[in-house]
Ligand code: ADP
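Consider the single chain below, provided in structure tokens and representing the form predicted on its own.
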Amino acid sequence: MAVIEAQSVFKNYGVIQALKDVSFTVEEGECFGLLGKNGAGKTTFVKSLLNLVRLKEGSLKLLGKDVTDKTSRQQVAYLPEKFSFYPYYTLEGVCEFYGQMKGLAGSELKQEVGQAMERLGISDLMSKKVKDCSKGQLQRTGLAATLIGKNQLFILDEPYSGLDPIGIKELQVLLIELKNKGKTLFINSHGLDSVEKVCDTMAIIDKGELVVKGKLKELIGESSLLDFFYAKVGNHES
């Protein structure tokens, strides 16, 4: 089953063409990496997936439904590039908010929030307020929120942002755990080393156009992902 289907996607911001005829699919259970330089169109694609921006042309589907159908996102968890929340909320309150958005309440909500915060190593920060947190603590909170509810697709925009080396390693382990449970992961990241360790498939876009898409190991062969990425887009003019 195709969890994400993009067909001839175009998006403009005025005279700037952010996405140009982008087409690919992400199959159920895949860990997919979307790669590109700054300004390549990665975040625009993610926002289009979530129907936060409207396409000029083309079709986008989530879990078999057009992204303009709000029910397409019922089993989708999303982590934005810069996770933030109301500064006076506690971290437990943030996670409870997301749980309530997923239809949880009462003991089920408490249990899922507790398990998610424990899994991300922030159980001891439940009472800490957002305004008093480091970037890494907020990132862990955002990741904990994605684990709450019955989500099948995880869309993660720069998930390693703000994490120290220990946090990066722990996130890699978590993503592999989710993949082993049959979840589908869509990761937009500059962390090529981390993407190489967890992703099965990938696509590279440059100036809004799809450069390459396929199985990661088959594409890069004996090369590193960094060297492969540079060979495709690194020596092009920005």
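Please read all numbers here as calculations on a predicted model, not as lab measurements. One rule holds for the numbers: they count along the sequence shown, beginning at 1.
Not pictured, yet referred to below: the form predicted in complex with the named molecule.
Of the heavy atoms in residue 29, none are within 4.5 Å of the named molecule in the predicted bound form. In the predicted bound form, the named molecule lies within 4.5 Å of some heavy atom of residue 40. The shortest heavy atom separation between residue 225 and the named molecule in the predicted bound form exceeds 4.5 Å. Contact annotation: residue 22 falls outside 4.5 Å of the named molecule in the predicted bound form, judged by heavy atom distances. Remark: of stretches 192-200, 166-174, 62-70, 30-38, the one touching the named molecule in the predicted bound form is 30-38 (heavy atom within 4.5 Å).
Residues in 171-204 all lack a heavy atom within 4.5 Å of the named molecule in the predicted bound form.
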